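So this first bit is one chain, no partners, the form predicted on its own, shown in structure tokens.
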Amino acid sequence: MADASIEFKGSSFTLSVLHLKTTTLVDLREDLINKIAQAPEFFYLLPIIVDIERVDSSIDYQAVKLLVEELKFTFVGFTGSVAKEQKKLIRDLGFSFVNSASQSANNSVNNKAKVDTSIKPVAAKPASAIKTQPVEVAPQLALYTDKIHRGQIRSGQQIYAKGQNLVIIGSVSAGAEVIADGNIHVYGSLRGRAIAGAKGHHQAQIYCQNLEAELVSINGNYWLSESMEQHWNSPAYIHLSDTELVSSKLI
């Protein structure tokens, strides 16, 4: 028998999450339009999951989906810590509900806690009877090689370092885009968009000698220019702390 034409495998992807603070569609539309205007190319067809944890269950799910698709996002589904009945309603309406990694971890911890309560104490063994086991060492993060680009990256250009760090000996102009699966180093001014850790490397960092970027992103977490005021127009590096971007002075 010939091999099947399809195959399902588990994998992980970095998706942007839109956290709703209101169910008023007029306000949502206005805020989304303003956000898109700051980086139209970045948001165009961006896959997003809508977090409904902070709004009440009277939300019009269909209207929210239509709104984000109208504004040229790619709607994936809903997420958030909500009641089982609300999850069921969302799925009955034909929409996906995505459990976050933290929710899955909490469920796992809760299940383990339930099991542990039934465990009875066991008398301790003397030290001489205890056999030592080899300690498992966590695998090291992949070591990226460097892709080096010399010279200016002009508006409209895009440079991608697949499976590598990206080192730019020059500046990145406004309207240009640099992407790397690892770190990004800019030995000059960063005025365009820089996307590091593009395939899920959460420890990736962005370094530059002069920070004036339109957008920076690490592992799917992004800042637009107004979030970089602290180290604007100075040498800086940007990294992730948990799921929040942080900038620091480079020199």
Partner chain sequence: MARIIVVTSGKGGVGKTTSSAAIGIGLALKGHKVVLIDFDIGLRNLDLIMGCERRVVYDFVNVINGEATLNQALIKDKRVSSLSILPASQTRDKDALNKENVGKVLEDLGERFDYIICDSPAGIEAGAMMALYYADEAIVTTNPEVSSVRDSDRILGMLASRSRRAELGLEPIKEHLLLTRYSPKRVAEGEMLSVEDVEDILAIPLLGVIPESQAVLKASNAGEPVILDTESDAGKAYQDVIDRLLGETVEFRFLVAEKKGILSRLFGG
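Numbering follows the first chain given and starts at 1. Note that this is a predicted model, so its numbers are computed, not measured.
Absent from the display: the form predicted together with the partner chain. The rest refers to it.
- In summary, among the residues 174, 82, 98, 148, the only one with a non-hydrogen atom within 4.5 Å of the partner chain in the model of the complex is 174.
- When you look in the model of the complex, the only residue of 154, 72, 162, 87 with a non-hydrogen atom within 4.5 Å of the partner chain is 154.
- None of the heavy atoms of residue 51 is located within 4.5 Å of the partner chain in the model of the complex.
- Among residues of the shown chain, residue 191 is one whose heavy atoms approach the partner chain to within 4.5 Å in the model of the complex.
- Checking 89-97, 154-162, 74-82, 177-185 against the partner chain in the model of the complex, the stretch whose residues place heavy atoms within 4.5 Å of it is 154-162.
- In the model of the complex, the partner chain lies within 4.5 angstroms of a heavy atom of only one residue of 213-234, namely 214.
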